[in-house]
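Only one chain comes next, encoded as structure tokens, the form predicted on its own.
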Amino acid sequence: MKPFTYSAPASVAEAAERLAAPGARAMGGGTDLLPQLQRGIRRAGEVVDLRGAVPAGILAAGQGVRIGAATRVADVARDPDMAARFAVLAQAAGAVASPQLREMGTVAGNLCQAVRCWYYRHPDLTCWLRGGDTCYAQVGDHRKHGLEPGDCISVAPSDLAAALLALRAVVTTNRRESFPLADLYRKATAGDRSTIALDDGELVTAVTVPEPPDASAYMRAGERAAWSFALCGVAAARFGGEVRLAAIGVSNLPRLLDPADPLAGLPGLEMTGWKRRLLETLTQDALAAVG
């Protein structure tokens, strides 16, 4: 692991200033960033710990809730009001990784974590998403990868992102107020390989869910119940006669699905046809749960 400096700014302004410096990396609980640094997957001149700078806690916001960026995932999972009114989010939070990681990981950190791909996370490879020329998954083993063709077929791993996307959540940063969660993500391009749409010096400060749904549920399949990222996760939220569906584990970004045709635009790849069946089953279960 290359040496780096560590800072723990006490304000959003100081954190933004530090993150604007070349080589600075934002850290929440560190459960994703630190292993990447340790393995040499990513490098940092400075690791900026945001937990003392951005808000933590779950507060009422009109009919909905506002969740501070530094709120621990475990606190979302065990909040009684969350479980009662925003079941899909509480269920998704309770499914993240393992109890130990939920106690460390933050909401913003979970939303902004790197994609899952064993080639992307291999210390001796520089895949397309990390600035190379080749998506090694497409010429190698991609059984657990995406269903959507593209330059990179890694998958978005954030359980919280699926739930919040279904709940019509909006994100606040130090520079932008209340933009749709979907706009936190972007397709990587040859000129910018990041899938997170934050500028240098920009950081998430809160996520707001405007109103509770009439019913909601999160369905997830993984190789294990804990210490395992979702092979596929589907969140459903019903608002009156409208049902919103969102999925992770099927493409680079958290993805809204059409309830009438959830597999649209997801043809599958040579080794991932099985995941189409899994997505279809989880979608059916999620729709049945919300009536």
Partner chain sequence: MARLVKTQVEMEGRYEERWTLVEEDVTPEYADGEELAVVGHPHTRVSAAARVTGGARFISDIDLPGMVHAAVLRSPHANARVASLDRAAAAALPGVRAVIGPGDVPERDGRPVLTDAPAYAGGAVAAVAADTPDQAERALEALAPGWEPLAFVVDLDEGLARQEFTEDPEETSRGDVDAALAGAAAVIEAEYRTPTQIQTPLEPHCAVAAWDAGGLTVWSSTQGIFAARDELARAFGLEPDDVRVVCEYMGGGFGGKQGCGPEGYMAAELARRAGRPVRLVYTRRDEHTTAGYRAPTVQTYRIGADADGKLVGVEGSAVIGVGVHGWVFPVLNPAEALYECAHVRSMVLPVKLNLGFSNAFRAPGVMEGTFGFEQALDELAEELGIDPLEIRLRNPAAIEQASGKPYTSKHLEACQRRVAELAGWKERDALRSDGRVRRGMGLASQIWWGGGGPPAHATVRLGKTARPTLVCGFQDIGTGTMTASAVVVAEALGVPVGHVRVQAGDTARSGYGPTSGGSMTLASVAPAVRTAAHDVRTQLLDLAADMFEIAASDLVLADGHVSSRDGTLRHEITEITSKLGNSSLVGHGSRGPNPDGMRVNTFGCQAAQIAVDTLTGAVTVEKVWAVHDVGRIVNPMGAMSQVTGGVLQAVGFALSEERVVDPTTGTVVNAGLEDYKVPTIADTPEIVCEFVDSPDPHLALGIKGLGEPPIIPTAAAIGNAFAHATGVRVRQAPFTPRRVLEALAG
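Numbering follows the first chain given and starts at 1. Quantities reported herein were computed from a predicted structural model and do not represent experimental measurements.
Keep in mind that the form predicted in complex with the partner chain is missing from the display, and what follows is about it.
- Looking at 139-147, 195-203, 210-218, 170-178, the stretch with residues near the partner chain in the model of the complex, meaning non-hydrogen atoms within 4.5 angstroms, turns out to be 139-147.
- In the model of the complex, the partner chain sits beyond 4.5 Å of every heavy atom of residue 264.
- Among residues of the shown chain, residue 68 is not one whose heavy atoms approach the partner chain to within 4.5 Å in the model of the complex.
- Interface membership of residue 124, defined by any non-hydrogen atom within 4.5 Å of the partner chain in the model of the complex, is confirmed.
- At a distance threshold of 4.5 angstroms between non-hydrogen atoms, residue 282 is in contact with the partner chain in the model of the complex.
- Heavy atoms closer than or equal to 4.5 Å to the partner chain in the model of the complex belong, across 255-291, to the residues 271, 274, 277, 278, 281, 282, 285, ordered by sequence position.
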